[in-house]
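Listed next as structure tokens is one chain, alone, in the form predicted on its own.
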Amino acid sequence: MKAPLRIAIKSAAFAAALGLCCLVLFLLAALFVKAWPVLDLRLLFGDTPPLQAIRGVRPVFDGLFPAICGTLLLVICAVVLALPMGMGAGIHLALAASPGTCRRIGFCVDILAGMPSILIGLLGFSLILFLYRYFPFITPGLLPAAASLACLILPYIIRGTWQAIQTLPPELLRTSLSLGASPVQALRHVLLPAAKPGLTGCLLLSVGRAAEDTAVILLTGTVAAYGLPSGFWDPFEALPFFIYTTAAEYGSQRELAMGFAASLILVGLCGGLFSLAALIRRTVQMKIFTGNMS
């Protein structure tokens, strides 16, 4: 490749990367400027004393604290529901499934990953209506929304687990088995620790995907104002839905600024999760490189 062409390609790539960084910084700066008038404790707790709100003594109806807690509870429940099935399917595809089975299941996983989230929300809502005929306690709430979100993030966990284990050197498994370890012992003590960077990355990326979705929870349990949920079948508040309703129906400039502040908090939450994923991946890779996996 000629030197001028190589320099032009490098310059274009650098300009694209710089433009992306500038765009992200511009969006963050715009959110911060729009949210600046309401960045105080009232943003989180409204007129409720913070300690009483955190302890659940008094409800918060004019702050973001219930929406933040609802988002965290929703993400935790969704991950708890999706993680066993997703990791189990990924391990099976990587270690035990035949090539034909991998192609068929991989095709289904790709279809589920590409399915619009509104369809998953409609499926969850239809299932709630069907089950309500036989189990009247099943209503839109935290658990149905978390189950629907689990379906949304399931293909990411399956694909991430599959690739994390499949890309390991095959000598790891063969050496473990030749030294007398059972397949389960080799998986638990050798393969999963070695694949931990990839597993951690796909898990936290799935958490970020679940935290920002609106269409699924819109149909399965979230409301504009409820407070902290007291059970799995209660409605709940969430940051994405708060942003959606505020942008569409704000009645004052303060409400609009609270919507921008909620957006800033949601971006910070997802950015923190992605940073944590990168930190854990780098730490585990360093432990693998030094031979210290304790």
Partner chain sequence: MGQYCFPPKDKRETLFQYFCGFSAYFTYCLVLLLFGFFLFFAYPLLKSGGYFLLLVTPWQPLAGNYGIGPMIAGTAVISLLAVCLAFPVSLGAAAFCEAGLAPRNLVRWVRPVFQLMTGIPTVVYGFLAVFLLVPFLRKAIGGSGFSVLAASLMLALLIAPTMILFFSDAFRAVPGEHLRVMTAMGAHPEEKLVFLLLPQARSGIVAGLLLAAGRAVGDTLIALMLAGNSLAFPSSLTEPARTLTGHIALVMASDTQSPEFRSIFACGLTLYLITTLLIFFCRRVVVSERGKG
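What you see is a predicted model; the values in this text were computed from it and never measured. Numbering follows the first chain given and starts at 1. C-alpha atoms forming the largest set that superposes within 1.5 Å between two forms make up the rigid core.
There is another form of this protein, the form predicted together with the partner chain, and it is not shown here; the text below is about that form.
Heavy atom within 4.5 Å of the partner chain in the model of the complex - the one residue of 228, 247, 225, 41 that qualifies: Going through each option in turn, the one that passes is 247.
The partner chain: the contacting residue among 131, 80, 122, 172 in the model of the complex [heavy atom, 4.5 Å]: Selected residue: 122.
Region of this chain that lies against the partner chain in the model of the complex, out of 67-75, 137-145, 194-202, 211-219 [heavy atom, 4.5 Å]: Partner-contacting stretch among the options: 211-219.
The partner chain contact in the model of the complex: residue 260, any heavy atom under 4.5 Å: Yes.
4.5 Å heavy atom contact, residue 270 and the partner chain in the model of the complex: The answer is yes: residue 270 has a heavy atom within 4.5 Å of the partner chain.
4.5 angstroms heavy atom contact with the partner chain in the model of the complex for residue 266: Looking in the model of the complex, residue contacts with the partner chain include residue 266, since a heavy atom lies within 4.5 Å.
Contact test in the model of the complex: residue 166 vs the partner chain, heavy atoms, 4.5 Å: Residue 166: no, not in contact with the partner chain in the model of the complex.
In the model of the complex: members of 49-71 within 4.5 Å of the partner chain, any heavy atom: Contacts from 49-71: none.
Core superposition between this form and the one not shown, C-alpha change of residue 54 at least 2 Å: After core superposition, the displacement of the residue 54 C-alpha between this form and the one not shown stays below 2 Å, so no.
Core superposition between this form and the one not shown, C-alpha change of residue 27 at least 2 Å: Indeed, residue 27 is displaced by 2 Å or more.
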